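Just one chain follows, in the form predicted alone, and it is written as structure tokens.
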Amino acid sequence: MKQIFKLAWRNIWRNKRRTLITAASVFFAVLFASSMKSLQAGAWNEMIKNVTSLHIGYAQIHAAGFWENRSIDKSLSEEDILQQLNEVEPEGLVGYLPRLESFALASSGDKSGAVLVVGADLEKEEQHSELSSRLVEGRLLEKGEPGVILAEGLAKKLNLGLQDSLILSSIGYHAASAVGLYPIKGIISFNNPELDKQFCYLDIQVAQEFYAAEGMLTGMVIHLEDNSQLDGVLTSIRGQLPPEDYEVMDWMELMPDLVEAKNLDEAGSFLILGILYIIITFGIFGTLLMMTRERMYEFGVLTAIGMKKWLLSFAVWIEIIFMGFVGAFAGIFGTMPIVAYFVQNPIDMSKYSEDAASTYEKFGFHPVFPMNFDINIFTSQAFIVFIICTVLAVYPILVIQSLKPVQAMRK
């Protein structure tokens, strides 16, 4: 068997030009495919990470029916929900982040705009999303402090800065009037343009007082050590909470539009990669066709002197696999330094085109695209090449199996 492998390796280099052309086509296919998949995976991971770490979280708990209309009247009792959650401590759970969220009209002077008011325990939020690292000016609110933290985009829109005052007006719990004047204690910057234009933080107690919803929450964010533990944590929590009173939703249920956009983008990339590999398939098949026809005399001689057809077929299959993997592994090792570079130095579209950057921002994407260094992306390309080569090897194998030594040697 060792001799078969040695023979196959020597045979692929008998015609070096043909082998190098075939390997080069596989090399560039793997290089392009791996780079594209790494960029796509990195961009989506960054997008999901930004949204989940800054606001949505990987999962949330609400009163039953809240997420459908997101009315503050569908709030839940903080005391009741904490009492039930204290009875379950699944592995991987860090804690719960209480939230009271609703929309309001923010105004200052002659400027105004709609904002999402997030009442939160900022000490716990700091553990979840590291808000202090995103501060542009000022500081975080202390517990019970009657102040507000504005997103940078919103502050620019309203032309506000530190120590300016912001008027918030809305409808509170059970149609109570909600009006308040709050000094700006901090300005925070998000990587997500949509969040940057509408976010406004209040301390949870101040928000409850503002909306006349003392002791009430619109939801609880589930804070995890690792996203891989999400399913187990959700199973434990759903088993504890009665479904007629509470809804427990993961990030895919909370952001179905994002999931659909991701699936659509992946479908588009599969189409492009499919076309690419179809081209490569025909290129490899052309090589096999020529190789098979050129070596008919050789195959005839080998079978005539007693070499079994299955062993000859195996040797030819090994040649094809070698030829594919030479290009595949060259492509993998050529892609790795490129991907590693762009992991550390993400592509920032704002540096190249303001129009392109603004287009991405309109769709809620931060125009920075890191690559994702995932070894599975590289190995999957080698696996695809293996499948292609194995399928194409059927042709020379069928030729060998139907071979008649005398006729082959005459050709």
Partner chain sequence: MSIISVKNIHKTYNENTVPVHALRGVDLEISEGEFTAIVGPSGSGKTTLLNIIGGLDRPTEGDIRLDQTELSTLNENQLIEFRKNNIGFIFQSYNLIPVLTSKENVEFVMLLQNRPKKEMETRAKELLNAVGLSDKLDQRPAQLSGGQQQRVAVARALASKPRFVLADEPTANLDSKSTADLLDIMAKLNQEEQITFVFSTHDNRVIERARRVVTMVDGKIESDETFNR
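Everything numeric here is computed off the predicted structure, so don't read it as measured data. Numbering follows the first chain given and starts at 1.
This next part talks about the form predicted in complex with its partner chain, which is not shown.
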property: Contact assignment for its partner chain in the predicted bound form, among K308, K143, K156, K111, heavy atom within 4.5 Å; result: K308
property: Residue (of S170, T303, T292, S129) lying close to its partner chain in the predicted bound form, criterion heavy atoms within 4.5 Å; result: T303
property: Residue stretch of 145-153, 232-240, 129-137, 294-302 approaching its partner chain in the predicted bound form, non-hydrogen atom distance within 4.5 Å; result: 294-302
property: 4.5 Å heavy atom contact, N11 to its partner chain in the predicted bound form; result: yes
property: Its partner chain contact in the predicted bound form: I388, any heavy atom under 4.5 Å; result: no
property: Partner proximity in the predicted bound form: I397 to its partner chain, non-hydrogen atom cutoff 4.5 Å; result: no
property: Distance check, L392 to its partner chain in the predicted bound form, heavy atom within 4.5 Å; result: no
